[in-house]
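Quick heads-up: the structure tokens below are two forms of one chain, split into structure 1 and structure 2.
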Structure 1
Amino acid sequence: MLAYTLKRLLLSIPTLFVISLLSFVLIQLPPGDFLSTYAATLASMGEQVSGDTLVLLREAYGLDQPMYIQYLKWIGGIVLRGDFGLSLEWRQPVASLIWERMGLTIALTLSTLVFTWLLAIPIGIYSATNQYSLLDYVFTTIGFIGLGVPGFMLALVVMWVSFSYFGADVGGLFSDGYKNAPWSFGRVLDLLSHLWIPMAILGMEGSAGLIRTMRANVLDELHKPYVTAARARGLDETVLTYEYPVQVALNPFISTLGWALPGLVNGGTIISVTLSLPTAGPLLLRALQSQDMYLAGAFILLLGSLTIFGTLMSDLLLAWIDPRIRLDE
């Protein structure tokens, strides 16, 4: 197991290099650059930027250099100094902009993932073991509604209900007194008091499909010959269900962890914008719109890291749950 983990970690280094290269190239594929987008924005507001000013700014930001030179300077700063570059739009180091947002994003992502699994796994098991029962139909109906209703619409409904009937604003992750305050025990408690609303919205959207997946996996296992043989030998039905079919049914469930972590970051962008959450999604969206290549590139690189980490964790969990899987072979 240890040798496999070390091997995967070493293989992640060239993978991250390829991800960084592709992300940097893709960000610069649209016509123009940050300064041309900035000049167009000013022109839409009735302000003009002279061509000489744009040339000087392009030289100051290094945008006049070839793409490969820009990339080598950027990736060299990350590898050698841990410097992700300077955000062109915010005029601040990229690291100072992304770390707190990524921390809040990871906290929201992990809590949503745990909430989703705690909701989807038992409901999926119950629906499979009580097929065509009243609650099975109820959960199936709720699941289809969850799959069909966009998350941002659910967020808008929650905001409207909370404001109209309770006079409360559910936007953001902090109260006004803690938004710009340094981290403290009180700020953590304030975060936890606000975290459950976006967690529930994201979890309801994600658990709908996972319930159907878990139900289908367990049903598929319950009708296999080894279950029939174990039942014929008089094995207790509860032990039979949880000892074998459920454990095997969790395999494809856990294998989705690799894309679940970055998927919650990407898929929650519209919900984060709707709820005014200070997470990574809205800032990444703005960086892509303004062609802030260093900020957007850093976010995409971190999302790639989450994908690699999630895939590794899913492989290790699969080997731990299913003894038939041997990673060292």
Structure 2
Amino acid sequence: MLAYTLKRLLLSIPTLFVISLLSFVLIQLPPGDFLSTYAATLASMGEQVSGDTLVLLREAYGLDQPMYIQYLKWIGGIVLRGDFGLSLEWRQPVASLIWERMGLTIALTLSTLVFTWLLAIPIGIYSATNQYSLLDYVFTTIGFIGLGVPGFMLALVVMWVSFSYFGADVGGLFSDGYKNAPWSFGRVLDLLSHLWIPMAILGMEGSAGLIRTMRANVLDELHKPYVTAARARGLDETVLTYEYPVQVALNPFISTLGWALPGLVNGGTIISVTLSLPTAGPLLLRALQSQDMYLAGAFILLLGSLTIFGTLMSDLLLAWIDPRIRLDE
């Protein structure tokens, strides 16, 4: 297991490298380098930047150097000093802007992941063991709707209904009093009382697919000969369902964890914009719109790393649970 873990950890390094390369390319994509944008931004605010200053800045940021040096400087700063560059729009180091938002993004993503699992696994098992029952049809229908309705539509409808009929604004993650307050126990409670709405919306999208997978997996397993064999040995039906098929069915399920995370980050980004949550999504959107490329690049790099991390975790979890993978190495 240790050897497998090490091997898998080493394998994720090149992937992270490619992610960083991609983020860097995305930073460079918009026409013009960021200093010209910076100068234009300053000029629009009435500040003049002299040519000399620009040259100095250009040297300071290494913009006169070849691309690969620039990349090395950028990634070097991140890895060695946690320095993600400077946000032009906010005139602050990127690092000071992103961490709280990334933290909330991870909180939202992970809690939704747990939520979808808590929802999808029992429902999937129930649907499989009670195939063609009324509730099975109900869950299947809800699942299809969850699959067909884009997350932001769901968010819009939830906002509209709660606003028009309950007079409540469900946007944001904090009450007004806590919005800019420092972290405290009360703020955490406040966060939790707001988090469940985006979590439920985001979870609707994710669990629909998971329920279908779980149901199909359990159905597959329930009719395998080893279940009949175990039944012939006198085990009771509960054990036959939960100890055997569910455990085997969970394996392909766990391997979907890695793929669920990109989906959740995707959905989360859009839903956050719709519900204006203080997570990565809205700030990333704004950074992209204003070509605040270091900020945008940092978010893309971190969100990408998050999903890579998810795949890694699901692989390790799978190896831990399923002996066939661990031992076939």
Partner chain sequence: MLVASQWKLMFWRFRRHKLAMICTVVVIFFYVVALFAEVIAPLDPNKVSNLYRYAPPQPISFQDKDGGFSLRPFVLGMKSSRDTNTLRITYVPDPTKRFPVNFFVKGEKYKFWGIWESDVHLMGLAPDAPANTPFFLLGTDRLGRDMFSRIVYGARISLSIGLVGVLLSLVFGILLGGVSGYYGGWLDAVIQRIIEFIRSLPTIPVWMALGAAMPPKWPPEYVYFGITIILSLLGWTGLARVVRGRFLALREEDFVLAARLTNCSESRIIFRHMVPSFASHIIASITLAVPGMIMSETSLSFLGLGLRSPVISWGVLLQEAQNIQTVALFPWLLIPGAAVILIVLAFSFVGDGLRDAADPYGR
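Everything quoted here is computed from the prediction, not taken from an experiment. All residue numbers here refer to structure 1's sequence, counted from 1. Take the two forms, superpose them, and find the largest set of C-alpha atoms that agree within 1.5 Å; that set is the rigid core.
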{"property": "Identity of the form predicted alone, given as 1 or 2", "result": "1"}
{"property": "Residue shift check between the two structures, rigid core fit, Leu277 Cα at least 2 Å", "result": "no"}
{"property": "Core-superposed C-alpha of Ala232 shifting 2 Å or more between the two structures", "result": "yes"}
{"property": "Is_shifted Glu89 between the two structures (CA, 2 Å cut-off, rigid core)", "result": "yes"}
{"property": "Inter-form CA displacement between the two structures at Lys7 - rigid core frame, Å", "result": "4.0"}
